[in-house]
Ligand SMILES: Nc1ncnc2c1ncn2[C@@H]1O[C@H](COP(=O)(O)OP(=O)(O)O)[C@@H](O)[C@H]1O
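Shown below, as C-alpha cells, is a lone chain in the form predicted alone; questions about how it binds or moves come after it.
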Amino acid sequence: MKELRKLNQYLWRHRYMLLTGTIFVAMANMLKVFNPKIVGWAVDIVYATFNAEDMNSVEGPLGIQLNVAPNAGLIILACTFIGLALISGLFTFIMRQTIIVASRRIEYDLKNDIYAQYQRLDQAFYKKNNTGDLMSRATEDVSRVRMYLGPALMYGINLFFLITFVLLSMVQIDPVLTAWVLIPLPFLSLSIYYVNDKINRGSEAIQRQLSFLTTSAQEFFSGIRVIKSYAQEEMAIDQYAKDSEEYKQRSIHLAKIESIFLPLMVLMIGLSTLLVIYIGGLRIIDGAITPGNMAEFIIYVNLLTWPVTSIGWVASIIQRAAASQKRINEFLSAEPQVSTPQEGQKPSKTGLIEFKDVSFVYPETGIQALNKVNLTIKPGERIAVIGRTGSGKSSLAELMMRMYDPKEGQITYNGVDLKDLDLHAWRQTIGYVPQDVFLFSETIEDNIQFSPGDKQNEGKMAPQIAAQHASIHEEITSFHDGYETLVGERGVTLSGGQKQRISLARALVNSPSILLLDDSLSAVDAETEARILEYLDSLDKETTAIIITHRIFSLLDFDKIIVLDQGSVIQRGNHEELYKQEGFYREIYDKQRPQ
C-alpha cells in the first residue's frame, strides 16, 4: 500500500462524496440482511400452519408476534420483502453514483496531473523514455489505479459491512451452525486468490504482448512507404502473424485458467449449503433452531458467496494498482533538469547573447557535444553556423533554447544567465525551427498559428503574411482547401520542403526578437532559399537571425560565420575573412562552388 499513499490526496479531495457512498453502502447492506429474516419468518408461518400451531408463537425479525391469518401474514411479508429490496436497490444505486463517480473524477484529476507533469519535464526525459511507455502510464496504468479507487474500494467497503451484518445475524440465530457453515469459506477465498494470482500473471503477459503487437503494427503503418519500397509486404505480414499467434496462445492459456474460477466457487458454496442442510437439520431435530432459521442460513451463505469470493479479486486489483501506481509515481516524482526559477526575470526585447567557456555533455548518452565554446552575438546580427555532421551545431541551438543547461560555462542574455530568466518568456522571444520538422494533424493555418505568444500581440502577423515571408503562400493557396487544408499525421501529405517552410512561417508569425533556424532550409531549392534569405536580410535591424546550414553559398551576406568542429569553434568571421584562411571553410566552399 506504500505506493498507493500518493492517492490519499485525491481521496481527501473527494472525501464528502466517498463518505456519502460509504453511508449508503452500510444502509443498503443493513436492509439486505433483513430479507433472509423475512424469508425465515415466512417459512416458519407455513410450517406452523401445517402443524396447526398457535400463530402467536412465531416471532418476526424484530421479535414481533404475528396476530393475523397466515395468508395475510405472507402477503404482508411479501410486500415488506419487495419494499426492502427496492429501498436497498435505491441505496445501491446511490452508492455507485457516489463512489464510482468519485473514482472517475480522481481518474480525471490523475490524468491531468500526469499530463501537466509531462509538460514540465525536459527534453532529456523524453530521450530516455519512449512514447509508448508514456502513453501506457497515462492510460493503462491510470485505468488500473481507477479500478482500485472505484470497484475495489466500493466492494471492499461493501465486503466489510455485508460480512459484519451477516455474521452478526447468523451468530444471533445459532453460533454452532455458523461455525460449521463458515468452514469452507476461507478455503474458497484462498483458492480464488491463488487462481486470481495466476489470472493476473497471465493478464500481464497478455498486456505486454498486446503492447508489443500494437507497437509493431504502429511501426509497420508508419513505415509503410519503406516497406513497399523494399517489397517487404510478406515479411511484415509474417511478422505480424507471428506476434498475433503469440497473443492468441497466451489468451487461450488465460481462458483455461479462468475456466477454473466458477466451478471452484460453486463447489465451495455447495459444501457450505450441504453443511447448512445437514447440521441445520440436526439442530432442528434438537430444537435449537426452526426450519425458518435454516432457510435464513441458506440465504446468508449465498449472500456471503460474492463477498468471500471477491476478497481475492479485490486483493488482486490492489496488487495491480500498486504496481501501476509505482510506475506512475516514478514519473510524477521526476524533476526536470531544466526549469524556470520562481522569480525569473523577463528578458528584454533585444540583447547581447554570450557563450562563455560553454561545455556540454548529453546526459542520456555521455557524448560531449561542445567544448569551451566562446561566442558573442550582438543584437540584429545575422549569424551562420556551419560544420561537419556531429560538430555540435544543433547542440548550440538546443542550449540557446535552453532545452538543456551547459555542463560547464555560462550563457547570458544582456549579462543575465539564462538560468535566471523566466523560461517560458525566454522561449517566446525566439522563433525556433528545429532540424526535425514536426507538424500537427491540423490545418495549415492552425500549424502556423501554433507559435507561442499572445495572439493579441500587436507584433503578431497574420498567418498569410508569415507564409509569404516563408515563400509558401502561393503553394498553400493552390491547395483545394487553402489554409484549411489538413496536413495529416506529422504533415505526411506535404513534401519535405513544404513542411520546412510552414514550420518557418510558424516561427515568423510571432515576430520574434531572435530567429533560430537549425538546418531548416535543407529541403528547399536554391531559388526559394534565396527569396527566404532576402526576407531574413530585410528583418528589423534589432532582430537577431542565427542560421545553421550546410550550404556555403547562402552565407555570403551574413555578418558573421561560425565554423564548428568536434564541439569547438575553429573559425569565425565573414566570408572574405574565412576564405582567405586555409581551413574547413575554404575547403567546403571550393567543393560547393560551381565549376
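Note that residue numbering follows the sequence shown and begins at 1. Note that the structure is predicted; figures quoted are calculated from it, not measured.
The same protein has a further form, the form predicted together with the named molecule, not shown here; the description that follows concerns it.
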Completion exercise
None of 140, 197, 357, 364 but one has a heavy atom within 4.5 Å of the named molecule in the model of the complex; the exception is 364
Handout entry: Listed residue that, although the named molecule is not shown, lies within 4.5 Å of it in the model of the complex (heavy atoms), from 186, 89, 390, 496
Key = 390
Completion exercise
Per contact check vs the named molecule in the model of the complex (non-hydrogen atom within 4.5 angstroms), the hit among 391-399, 266-274, 234-242, 103-111 is 391-399
Handout entry: the named molecule in the model of the complex: contacted by all of 10, 17 and 146, heavy atom 4.5 Å
Key = no
Exercise for the section: Report yes if any heavy atom of residue 131 sits within 4.5 Å of a heavy atom of the named molecule in the model of the complex; otherwise report no. Expected result: no
Practice task
Answer yes if any heavy atom of residue 180 is within 4.5 Å of a heavy atom of the named molecule in the model of the complex; otherwise answer no.
Solution key: no
Problem - is_contact(residue 435, the named molecule) in the model of the complex, heavy atom dist at most 4.5 Å - result: yes
Practice task
Mark residue 127 yes when one of its heavy atoms lies within 4.5 Å of a heavy atom of the named molecule in the model of the complex, and no otherwise.
Solution key: yes
